[in-house]
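Form predicted alone, single chain, as structure tokens, below.
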């Protein structure tokens, strides 16, 4: 391993199967970009988050006093950027682009979520980078992709969900009620997940097929359409999917939320194999032999009656009591929780899904969602705090690009690159 490759590997946040893989992130601070690169960083890749320069030097981060909340923008950043390294470069400056191109020559992946045309103006498009590094993999996540009549338009989560058909089946189901955007920004998240799958496939293709680099054109609208999956053939054959809060995707009844005696909502998933057990748990074994409910088709035909009977039964106990009963009978069910409650579930702690940081910047005072990918050979060893603004600019210039100290200082003085002269900075310029 040469000095350059060693420096890249040593700058990874955690160990993982992507060790030694260098990812350059040039993204707006949004899940379609930053979540995708965080997943790669969690898998052991070295991720350089390339950020634009501040207009002026900014003060060092002052952690909040014990018991005080973290500033919202910093908390948001913590949720999308752990295990990364930050370098501030002006890609609109000729020298800044030259530094970026030097990094691209040794990189494996360049990941962006800008509108078509932006990367070309910055000299960060696939055609430019492939000429410098034939093995480069570029991944572009946009609202509508790089082809088609809408390719030039911006795409936000709500508009993507509306156009992709998903919002038509997420409302209360009451007549006249408006469609509802899903609570999580699934437009951006879906784009990130498909982007990561594509990147892993391209890395494999490059290694095994010896095919060189690739350009991935990921459209968030495309990903929303793809996620309809099993609904597509029936919908194109005339089936109208309505927002049905109490019916499962395969027509199971009862399926969905019911209010409990304590006023909390509780969701049951009673498919055919659980019907008899659910009748007993609900205290109505007589429903088992009721001819109106004998099969799934008959329960569908009498859906309003089934739901009204189950709703009445659910009011007799609290959500916690129902959870104990349904879980004890191994029937899919659960209390509707807010996010903070969900992370207090004992199962979550045992799966390392609520974690602090292993370094001193935030430590255990700030908690983030853990990595859901559990892989033998790479046991959980903690995560590193998200990088301070420009925190790693100097070390990347010196150790990866082998620039002398005086050249690094000159780049900072000319505002080609930037890093704080003391302390860590978490105040970043807006990208909106």
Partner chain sequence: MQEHEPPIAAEAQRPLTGIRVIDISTYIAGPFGSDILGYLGAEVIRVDPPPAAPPMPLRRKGEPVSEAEGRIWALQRNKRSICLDLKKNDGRTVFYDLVRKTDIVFDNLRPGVLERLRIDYETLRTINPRIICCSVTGFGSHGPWAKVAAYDIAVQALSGAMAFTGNGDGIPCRWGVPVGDITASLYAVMGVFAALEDRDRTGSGQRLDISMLDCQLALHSFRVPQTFASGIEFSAPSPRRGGAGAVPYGPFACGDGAWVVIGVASNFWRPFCKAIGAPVLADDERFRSLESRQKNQAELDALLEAHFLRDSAGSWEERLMASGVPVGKVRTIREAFEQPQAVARQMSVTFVAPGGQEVRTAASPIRFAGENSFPHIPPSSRGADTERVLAELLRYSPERLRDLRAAGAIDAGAA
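Residue numbers count along the first chain shown, from 1. No experiment lies behind these values; they were computed from the predicted model shown.
Form predicted in complex with the partner chain: not shown, discussed below.
- Item | Partner proximity in the model of the complex: residue 209 to the partner chain, non-hydrogen atom cutoff 4.5 Å | Yes, residue 209 lies within 4.5 Å of the partner chain in the model of the complex.
- Would residue 401 count as a contact of the partner chain in the model of the complex, using a 4.5 angstroms cut-off between non-hydrogen atoms? Heavy-atom contact with the partner chain at 4.5 Å: absent for residue 401.
- Query: Is residue 31 close to the partner chain in the model of the complex, meaning a heavy atom pair under 4.5 Å apart or at it?
  - Reply: Yes, residue 31 lies within 4.5 Å of the partner chain in the model of the complex.
- Message: When the contact criterion is heavy atoms within 4.5 Å, does residue 222 count as touching the partner chain in the model of the complex?
- Response: Answer yes; at least one heavy atom of residue 222 falls within 4.5 Å of the partner chain in the model of the complex.
- Using a 4.5 Å cut on heavy atoms, which of 298, 147, 318, 135 is close to the partner chain in the model of the complex? Exactly one residue meets the criterion: 147.
- the partner chain in the model of the complex: contacted by all of 39, 168 and 353, heavy atom 4.5 Å: Affirmative, all three are within 4.5 Å.
- Query: Of these, 286-294, 94-102, 76-84, 310-318, which stretch puts a heavy atom within 4.5 angstroms of the partner chain in the model of the complex?
  - Reply: Every other range fails; the passing one is 76-84.
- Item | Any residue of 174-201 that, in the model of the complex, places a heavy atom within 4.5 Å of the partner chain | In sequence order, 174, 176, 177, 178, 179, 180, 181, 182, 183, 184, 185, 186, 189, 193, 194, 196, 197, 198, 200, 201 come within 4.5 Å of the partner.
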